[in-house]
Structure formats: C-alpha cells, structure tokens
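Two forms, one protein chain; structure tokens for each follow separately as structure 1 and structure 2.
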Structure 1
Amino acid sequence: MRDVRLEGIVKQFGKVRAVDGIDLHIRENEFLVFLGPSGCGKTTTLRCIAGLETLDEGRILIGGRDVTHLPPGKRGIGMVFQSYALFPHMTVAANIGFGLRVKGVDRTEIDRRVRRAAELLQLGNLLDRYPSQLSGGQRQRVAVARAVVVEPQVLLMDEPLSNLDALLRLSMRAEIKRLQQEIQATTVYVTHDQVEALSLGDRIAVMSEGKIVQLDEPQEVYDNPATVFVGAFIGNPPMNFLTGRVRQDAGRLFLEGEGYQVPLSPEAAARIQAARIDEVTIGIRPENIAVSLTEPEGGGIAASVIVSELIGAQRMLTLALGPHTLKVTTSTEFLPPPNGQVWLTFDPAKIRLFDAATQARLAQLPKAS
C-alpha cells in the first residue's frame, strides 16, 4: 500500500493555525493537488507529510504505517522543491544518484537506477553535464529524476514549475503527468496555478485559511464549486457572481438586484425556497453567458461594454451590468461597438446558487422517488 492518511493534523505558528484540523485520505497511485492562494496552508501541509514540520496535533500514515514522529529519510518519500536545489559541483548523474549514495546502495545498482530515471525524464544525453550547463526545464527534470530514483512510496512536489516560463510549464506538465502514470507513484502536488491543478490532478483539494474547502475531481470543482471562494479562485476569467432576492413577475421567477433581473428556473427557485434564505448569490461561468447585439426573443439583460479583449481563440468582454462588472467570453468574430450596448442570456442550467450570507453552495433537492 502507498496511500497517505492525514488524521486531524494541526500545525500552528504562534497564534496562526497554518493547518487547521485536516482529515484526508490520498489513495494509492493517486495524483492529488493542493490548490490555493499564498498563505492558505498548502505548502505547510506538504511539509508536514514530508516530516519537515512537526505536528501540533493529529497523525500521518503512509502505507498504513504511522510516520508522525519519523524523520523525512525514514518516511519513504521523494520530494521536488520549488527551487531545483541541485549541487552545482556535481554532474547530472551525480545529482540524480545522490540520495542512493547516502543510503549506501551498491554502485552498480546506482548506475542502473540513475540511467533508468534519466531515460524516464529524457536526460540520457545530459548525464555528464553540470547544472550551470542546463536550461531551466532540464534542471527541473533533474530534480524530478533525483526524487523518483529512490523509488519512493510517495512523491511530493512543491510548486515545481513556478520558476519556468509559460511554454516550459506546458511541456513539463505533460512530462510530469506521463511520468506519474508510468511509475504509478502516489503523488501530492502543491500549486497556486489553477491550470496546473485542473490538468494534472485526479482530485483537487482547494485550501483556504488552513482548511480544505472542497475536495473533488477537477471537472466537478470547476463546474460545481462548493463556495463562492472556490468559484472565484478557479477559472480564467473566474466565475461571475450576482447577489439579489427572488421575486415573481407575470408568472416568471427572477433574481432581482440593483440594475438587473436574471430569470430563474423553477428548480432553482425551489432550492432557494427550501434553503429559507432572504438573499441568494448566483454564479455563472463567462462561457455560459450568451451575448448578442440585439435583444433576443424572450428578452435578455442589457449591459454596456467596458473593454473588449482578444485572448487567442476567444474574445473576452468586460461588461457593466448596473453597478456590477461581468466577464463574458465569446467568439473572436463578435465585435461589439466600443462603449455600446449588448444583450445577455444566462444559461439557466449553468447557474449555480449560493447562500449570500455563508457563501456556501445551496444543496440539491432530493429527487422524487
């Protein structure tokens, strides 16, 4: 077994609870990503798993073995840091094999495993070079090879791609995913980059203030954020939010706020009624808002154009809806007049409902039997 269990772990620095009572089961061979903004506790949680931080409460099990009080070298882990942390006076081969030499592994076995790791990371022709002779992407691959060569039970990665440019990050993401699938290592990955999290993770643990606020598969986290925070943090551009009250007009239900009325489905209205709340926040992704230059049949929501930006395969519009600002993505061919008016139609199936007070998503109604 190569699973990881965190049982009520707490790490405190003075009065700050950097990790606040986390319970988590990371499955064997899973690629789990800790995602969140700076200061949310994701790196501290990783360092607790690694044994680089001492827990104040709780315990950690790796492969069913309690490692809470074991030093890093006894935990069966490999770790890749944000900085490459390579020895500048050692060749690539020596850097990769360093951990094996420390463990006293036979020289022949070290050579075999170093060459195998170099092959996995496409470093075979660079083994005699020194770190100063390598590009950033090559150095990062050496750091990953050094971690996997010891054949760890668990591979821990702390923002390993943050020092690379955008093109290198793209290629290295693919490299890391391919490697993890090939070596079948339980992998825990820390990042503040939502694109990395969505593309790499089997599951994502979104963190805020030392707690996991949502743990789920990437598509579920994106489509159904558990809180307003998750919806605002994930997505580029992020989810749009509007807060208002439900009212009825001519037999139709609307969310009404300052400067707008958004039609609601009967199911959405029933969920709001069941929650017994006065104010509700709706969230909708920019790609789920249709935009047109003329008012659509059945009506639409008028908004004014603030900025129109070409972002590659899409055009992003920043729109004013009363005192609110929305982001909408559309095709590159859509060319609204500067400072002109457009009409919006929200996809009712894509509207997400949140309690305006707690900012938590409203529960689904039970299905009729």
Structure 2
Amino acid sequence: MRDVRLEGIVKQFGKVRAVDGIDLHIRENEFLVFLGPSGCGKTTTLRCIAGLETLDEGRILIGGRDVTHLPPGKRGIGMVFQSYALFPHMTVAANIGFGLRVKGVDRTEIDRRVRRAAELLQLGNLLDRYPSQLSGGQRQRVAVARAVVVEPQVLLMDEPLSNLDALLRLSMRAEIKRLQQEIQATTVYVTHDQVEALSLGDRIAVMSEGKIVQLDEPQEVYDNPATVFVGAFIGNPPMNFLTGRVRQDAGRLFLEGEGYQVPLSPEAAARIQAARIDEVTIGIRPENIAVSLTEPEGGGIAASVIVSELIGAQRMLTLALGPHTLKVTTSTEFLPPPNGQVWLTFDPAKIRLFDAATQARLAQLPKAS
C-alpha cells in the first residue's frame, strides 16, 4: 500500500496556524491536488508530509507506516520544489542520480536508471549540461526526473509549473499527467491555479486558512462548491452570488433581493425551509444564465449590460442587476442592444444554495423513495 494518511495535523509558526487540523486519506496511486489562494498553508502541508516541518499535533502515515518522526529521507517520498532546487555544481546526470548515490546503489545501476528517467522526461541529450545552461522548462523536467528516479512511494510537487510561461505550462501539465499514469505513484500536487487543479486532479482538496474546506472530484468541486469561498475561487469567471430573502407570491417562491426576484424550484424552497434560515445566498455559474434581448415567456430578470468582452470561444458580459454585478458567458454571436437592456433566466437546476450567515452549502434533502 502506498496511501497517505494525515490525522489531525497542525503546524504553527508563532501565532500563525499554517496548518490547522487536517484529516485526509490520500489513496494509493491517486493524484491529489491541494488548491487554495496564496498563504492558505498548501506548501506547509506538503512540507509536513515530506518531513521538512515537524508537526505540532497529529500524525502522518505513509503506506500504513507511522512516519511522523522519520526524517525526509526515510519516508519514501520524492519532492519537486517550486524553485526546482537543482544542485548548481552538478551536471544534469549527477543531479538525477543524486538520490541513488546517497542510497549507495551501484554505479552501473545508477547509470541505467538515470538514463531511463532522462528518456522518460526527454532529457537524453542534456545529461552533461549544468543547471545554469538549461531553460526553465528543462530545469523543471530535471527536478521531476530527480524526484522520480528513486521510485518514491509518494511524489510531492509544490507548484511545479508556476515558474513557466503560459504555453509551456500547458504542455508540461499534460506531460505531468502522462508521467503520473506511467509511473503509478501516489501524487500530491500543490497549486493555486484552479485550471491546473481541475485538469490534473483525481480529487481536489480546496484549502483556506490552514483547513480543507472541500475534498471532492474536480467536477463535483466545480458543480457543487461546499462554500461560497470555493465557488468564488474556482471557475473563470467565478460563480455569481446573490443574497436575499425567500418570498411567496401567487403560489410561487422567489428569492427577493435589492432590485431583482429569482424564481426558486419547489425542491430549493423545501431545502431552505428545512434549514430554517432567513437569508439565503444563491450561487450560479456564468454559463448557467441564459440571456435574451426580449422578455421570455414566464418572466425574466431585467438587467443591463455594462461591459461585453470577447474571450475566445465565448463572449463574457458584465451585467448590473440592481446594485449587484454578475458575469455571464454567452455565445460569441450574442450582441447586446444599444440601450444595454437584457433579460436573464437562471437555470433552476443549476442554482446552488448557501446559508448567508455561515456561507456553507445547504444540506441536500434525503430523497423520498
């Protein structure tokens, strides 16, 4: 087994609780991504797993073995640093072979494995170069090769793509995914880039202020954010939020806020009632709002276009709804009218409900069967 178990881990720096009680089971061969804004404790969590930080509380198990008090070299991990941390006085070959040399593997075996790792990462013709003679992308690949050549049980990566330009990042992302499938290592990957997280992760652990706020598969994190924070952090443009009160009108339920009324499904109404709250925040993704130039049958929500931008395959509208601002994506053919007046329809199935006070998602009702 090559799984990783974090049990109530806490790491404090003075008064800052960088890691504030994390419980997590990372499955064998899983690609787990820690995602969160800068300073939320991702790197510190990763360094705790690596053994570069000593825990203040909790324990860590790798492959069922308690490694809490073991030094990094004895944990069966490989790590790729954000800065790559290549040894400047060693050639690429010596860098890649470093871990094997430390472990006392014999020379012909080192040579063989370095060559194989170099091939895997397309570094074959660079083995005699020094790190200073490599491009950013090549350095990044050397750092990965150096970490995987020791065949770690767990591969740790701290924002490995953040120092690359956009185009290179895209190709390296695919490369890393392919590599992970090839070497079958349990992988823990840290990033603040939600696109990276969505595309790479088997599961994503979204972090905020030292805690995991949601642990789910990418699609679920995107579709059903656990909190307002997660919805606002993931997606580009992010989820729209409106806060208001529930009101009944002619047998139909509405969320009413300043300058708008959003119709709610009976199911949504039931959930709000079950939660016994007054104020509700609804969240809806930009692509789940339909925009039309004329008022649709059954009523729409009037809004006015502030900005219309072409963003490649789509058009992004920034709309004013009373005092609120919404982002909506439409097809590129949609052209806002001169007076900016449009009507919105929220897809009722895609409206997400949050408690306005706690910012947490409202509980799903048990299905009546």
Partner chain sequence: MPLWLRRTAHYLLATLLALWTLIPIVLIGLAALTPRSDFFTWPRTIIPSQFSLESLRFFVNSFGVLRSTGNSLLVALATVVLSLLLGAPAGYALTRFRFRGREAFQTGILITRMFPTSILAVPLAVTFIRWRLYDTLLGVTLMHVTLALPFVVMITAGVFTRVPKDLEEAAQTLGCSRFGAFFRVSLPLILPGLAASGILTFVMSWNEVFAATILTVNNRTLPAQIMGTLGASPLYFKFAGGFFMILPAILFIVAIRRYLINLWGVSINK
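What we label the rigid core is the largest C-alpha set whose atoms superpose within 1.5 Å from one form to the other. Please note that residue numbering is based on structure 1, beginning with 1 at the start of its sequence. As the structure is a prediction and not an experimental result, all values here were calculated from the model.
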item: Of structures 1 and 2, the form predicted on its own; value: 1
item: Yes/no, G312 Cα shift of 2 Å or more between structures 1 and 2 with rigid core fixed; value: no
item: Yes/no, P323 Cα shift of 2 Å or more between structures 1 and 2 with rigid core fixed; value: no
item: P37 C-alpha moves between structures 1 and 2 by 2 Å or more, core aligned; value: no
item: C-alpha positional change at P338 between structures 1 and 2 - rigid core reference, Å; value: 5.1
item: For H89, CA displacement between structures 1 and 2 after the core is overlaid, in Å; value: 3.7
